[in-house]
Ligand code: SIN
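Only one chain is given next, in structure tokens, and it is the form predicted alone.
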């Protein structure tokens, strides 16, 4: 296994490993260490069936079944389909997933360690990939905060609400997402998490606060909360924290959901795109796993 850093604020390629083959405990440890160090990992040219893909994700934690439970592979509710492809006039996958800055599953009490996508079909325009994915380095974003802002968020929590992002997507022109049912909202009520979050792999503090799901800072005057959130959002938008992954068919892309945020660029229109996705719960002792 070779780990080749991008040289940018995030990202590394892992060569010399076939995920269709059984991984050793050392392989898992090496990948976890690389995830903590680089935030976004690309394992290119992977040919995986659905079973093998789900098995790879489950090496790092339990696999979440999305609360909307709208599109998934047959017999695999934990493997969600992200696609704009229609069959008999009906969507085969969630066509607008990830469009807007957010951190997957920050709206859950048990958050996600990582999200993993496997590119089955990548949209191309003039021979170049479109529908790429942007990431922000939230380790670096926290480190770069002014001392007074770090002091203001120390010990503070913010509320994250799944319905906020869902409704934001529904408000876009042409969107066909139905509103969440009351049962779905009850399954994912708003939750609070530390804004300055201790990372379970690196042990360092990250800025865990993105515009997609955060509604307010707990226990703070609404106007003060909104103003401070605006500062945090503007700060993490700085170009030195940005990394973009350009997709190739067969890529398995694995990113740190605690130490990064991401945004899927919706610039491909009806050019076919098909991804499989699993979300891995942060339900293990990762410090012990990487020791």
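Residue numbers count along the first chain shown, from 1. Bear in mind the structure is a predicted one, so any value in this text is a computation, not a measurement.
Just so you know, the form predicted together with the ligand exists too; it's not on screen, but the next bit is about it.
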Residue-level contact is defined here as any heavy atom of the residue lying within 4.5 Å of the ligand in the predicted bound form; does residue 158 satisfy this criterion? no
Are any of the heavy atoms in residue 215 no more than 4.5 Å from a heavy atom of the ligand in the predicted bound form? no
Proximity of residue 102 to the ligand in the predicted bound form, heavy atoms at 4.5 Å: yes
Applying a 4.5 Å heavy atom distance criterion, does residue 117 contact the ligand in the predicted bound form? yes
Exactly one residue in 82, 111, 79, 195 has a non-hydrogen atom within 4.5 Å of the ligand in the predicted bound form; which is it? 82
The ligand isn't shown here, but in the predicted bound form which of 264, 31, 43, 232 has a heavy atom within 4.5 Å of it? 264
Options 254 to 262, 59 to 67, 223 to 231, 44 to 52; stretch whose heavy atom lies within 4.5 Å of the ligand in the predicted bound form: 254 to 262
